[in-house]
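Two versions of one and the same chain are coming, encoded as structure tokens; call them structure 1 and structure 2.
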Structure 1
């Protein structure tokens, strides 16, 4: 990967101008910020644009602009087949499509080879690895480091991108090339990794609120129960407040934290939680050590959620500016967006409960129509999948109205992926069959399809998932531990 990153860096150095096109989620915003900062430090003139997705129309528009070089971040792999005629570099970790010989070049394979050589992609899938060894931001970081080793300080933002893409979720720590990025950040003095509770809100939530909103893992009798969480901590002798200040998890001393973790382990085991679920209490946590204590930019998970709120509500540039160092006006805007995002997710879950989740043979689904934003429906799908009572043995498909058609989001669990689930392949094939376009990761993928084709899409998706999994497991699967599922924090 570093060798390919070096090739991309050389191409960037030679370019008189670079157009950066990046995705609007946490990974895309952080990756775009890394790319832009690295180009600025190298004195390379550039501009940045954000995209919900990259399709044929969007790619055609980029080609018409005629830029000397385009840098796609956390985008592009799914459109690799249509990149002919474009000078581009891609830093992406999504499943790439196969390149096709355009009609205009089918009589001249030499010209096709030359056209293909004008597109250079850094992608862990091309190295035989999966999506979770490096994020789009991580791939952009590899190029930034190749441009100048001093860019190692950008490792902190790259880790935010990886955590925002749930890359630490399966093993409770970052793996693959992400560990190289982590080591760079620690050496540069911008990151610290430590074993800690994996729950969301270490820096900004009162400690009892962190327990109340615990979702990965779900803690019986505590998750969702504010009074029980307060009582639990008080019984352990934990002072919840100092003066008027509610103490966060980061405010507790080492001894207090050890008491809480030990008590949580006992609490879960006594209530029948499996060992895998209990293990998910603790994992690697990542701190951006140069950020102020108590700030949402200090903890990688909280920073990632902040960026996601910016992108999902059409303000990715706000997040981008925060990533590049703005801690005044833009951070204040981001925090306002985050407060609105949390309230909107609560409303979205109520919408799903009202409409209901329907089951087919191998999948389950819901259609939000215009009641949930297309930029948020994927998060809502993840939350719905992880609600008590929702079968974990079936991946979930969610639909929402969008400006350019119907947005489709698919979410599964790590256990289903281990059994053969590949939602990226499902989205690509099913959307193409109904005149749309899609792709993504094995465990989470998306598509855009024409209105009115939802039922046809579902039938194809249901058949494909059944074939991938060969046959549905025993009914007990529905109740098995959901530790591998991604549970976004409220």
Structure 2
């Protein structure tokens, strides 16, 4: 990847002007900020734009703008087949499409080779790795580092992108090229990695709240139960408050943390949790050590969630400016967006409760219509699946109206994936069958389908999930408890 990064850096250095086009999710926002910061430091003139996704129309519009060079961040791989006629560099971690010979160039393969040359892509898939070894931000970081090794301080924001994209979730630590980024950041004195509780809110939430909102893993009797969490910590002799200040997890000293972690392990084991879900309590946590203690930009997970909130409510620029260093007005705006997001999620849960979740043989589903926006329905689906009272044996499928059709989000649990569930395959095949498109990961996938095809989509999805879960027979993991969905809610 570093060799490709060098080539891309040379192309960028030679450009009189660069248009950066990036995705609106966490690793897109952070990746765009890394690209822009590196270009600014190199004295390369540029501007940045944000896109929800890149389709034919979007690409045509970019082509018409006639820039000397376009840098696509966290998108572009899926449109590789349609890049002809454009001078572009791509830093993306999504699965690339095959390059076809465009009609206009058919019969003139030499010309096609020339036009293919005009597009350079850095993508872990080209090196035989998967999407989780680097995020869109990590791929942009590789180029920033090739532009100037001094850009190693940007590793901090790159790790926020990786964590915001849930890349540490599966192995409870970053892997692949992400580890190179992490090592760069530690050497540059901007990052620290340590084993810690994996729960959300280490810096900014009162410690008991952090336990209360635990969803990966789900902690029996504590998750969702404020009083029980307060009592649990008090029994261990942990002071919850110093004066008026609620102590956060990061305020606890090492001894206190150890007491809580071992008590949590015992608590979960005694309540029948399987070893696999108990193990998920602890993992590598990443701290941006130059950020003030207790601030929402100090913990990579919290910083990532903040960026997510900006992107989902059409304000990616706000997150971008925070990544570029604004800790004043823009950070305040980002925090307002995050508070708004939390309130929106509470409302969304009420909406789902009212409309109800329907069960089919192998799946459960709800339709949010206009009540939940398409950028949030996926989180709402995982929260609904995580809630007490929702069966964990059926993956959940959620629909919401979107500009370009009906947005579908599917969410499962780690246990179901261990038994054969592959929601990416379900979303891909079922959406294709009804004239839409989709994909994603085994445990979390999405699609967009034409309005009115929901029922047909559900029937195909239900049949496919049943086949997936029955194909392997009883799982070796049968004794595992039904822990929460793998994509925890922020």
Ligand code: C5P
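What you see is a predicted model, and the numbers here were worked out from it, not measured in a lab. Positions refer to the first chain, counted from 1. Rigid core: the largest C-alpha set superposing within 1.5 Å between the two forms.
Next on the checklist: Of these two forms of the chain, identify the one that is the form predicted in complex with this ligand.
Outcome noted: Here the form predicted in complex with this ligand corresponds to structure 2.
Checklist entry - Considering the rigid-body rotation between structures 1 and 2, which residue or segment among 227, 455, 340, 235 is located at the hinge? => result Where C-alphas switch their better-fitting rigid part, the residue is 340.
Next on the checklist: Please report, in whole degrees, the rotation of the smaller rigid segment with respect to the larger one between structures 1 and 2.
Outcome noted: From C-alpha superpositions, the smaller part turns by 12 degrees.
Item to check | Once the two forms are fitted on their core, CA shift of residue 359 between structures 1 and 2 in Å | outcome: On core superposition, this C-alpha lies 5.8 Å from its counterpart.
Next on the checklist: Please report, in Å, how much the Cα atom of residue 408 moves between structures 1 and 2 when the rigid core is superposed.
Outcome noted: C-alpha shift for residue 408: 3.5 Å.
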